[in-house]
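Two forms of the same protein chain are encoded below as structure tokens; each is given separately, as structure 1 and structure 2.
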Structure 1
């Protein structure tokens, strides 16, 4: 029985930040991450007829994105790393494994740290889903993007005291939510 429906008009508003964060923790490059989520949305649009409604929209888009990320690593490895791959992985049936291993290793964090960061990022985004649109926007602009108070106020047409009230509500809710789910 299908429960979930697709509404591509809302995809960017609802999922672009989540997908972007998911991608950047795996590819470690802002431009590539943007391209991959663009490709994901387009691929989602083209395969809408295959959607059975068993998963929710975000899970479905993430499953497409995972394939895009694997394709990306497959592509860069086919260009520059064939020889190394042959030396390390002998059997053809190990192909899926090495792709995932390579995808997780960004060279700066170890595998465990990368996984933990990406899970923590997911938990933060899940908690941000519970904020109102305005609270989430202000929190992202101030905390994640590091914009100046004045810039945010001009951008959103709010006063500085409004901003601090919104930010206080957002931080309180996020702290409570993360305390339950992560801390």
Structure 2
């Protein structure tokens, strides 16, 4: 066991800015970002007894925050229906077209699955960073946030057919990127 020790009295001073910058790039909403960071600190306090010292304090808090962000998106997607994420993949054993098959989580992950799930989330966000701003915005609004086509078109001033072309291009690029970085 490492000699890393937790000191929650310093968390806000030492880590709040870093955690906020990390979160705001993933949720694009200041209030939600603040709430997620607060939830992270509370979860950290509750699970201090489980801290093994295998990572430093900041890394441990980031791992909790990543789970909070994933839970946030799961919650908003479950409220609006399943996320519509279609990406074709082929490997030696099977062929499929639902990203959810790759990222499915029943809430009872072992340590290896937790790391793999976190790595997939990071890979998706890294691949999204390679999209154009418009492609990333359309993909996030439709697939992650579950906005209706009409709402997206009105907000972005595009036609429905333009939206679907942009979405198709984004999904194709994401699938290619994920194939290189994840599969």
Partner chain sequence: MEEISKRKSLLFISCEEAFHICDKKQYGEASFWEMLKLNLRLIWCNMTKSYVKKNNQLTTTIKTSRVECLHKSEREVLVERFNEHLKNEMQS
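Residue numbers count along the first chain shown, from 1. As the structure is a prediction and not an experimental result, all values here were calculated from the model. The term rigid core refers to the maximal set of C-alpha atoms that superpose within 1.5 Å between the two forms.
Visitor: Of these two, which one is the form predicted together with the partner chain?
Guide: Note: form predicted together with the partner chain is structure 1; the other is not.
Visitor: Note yes or no: does the Cα of residue 170 move by 2 Å or more between the two structures after the core is superposed?
Guide: Shift at residue 170: 2 Å or more after core fit.
Visitor: Superposing on the rigid core, do we see a C-alpha displacement of 2 Å or more at residue 143 between the two structures?
Guide: Yes, residue 143 moves 2 Å or more.
Visitor: Quick one: core overlaid, is residue 41 moving 2 Å or more at the Cα between the two structures?
Guide: No, the C-alpha moves less than 2 Å.
Visitor: For residue 128, give the CA shift between the two structures in Å, the superposition being done on the rigid core.
Guide: Residue 128 is displaced by 26.1 Å at its C-alpha.
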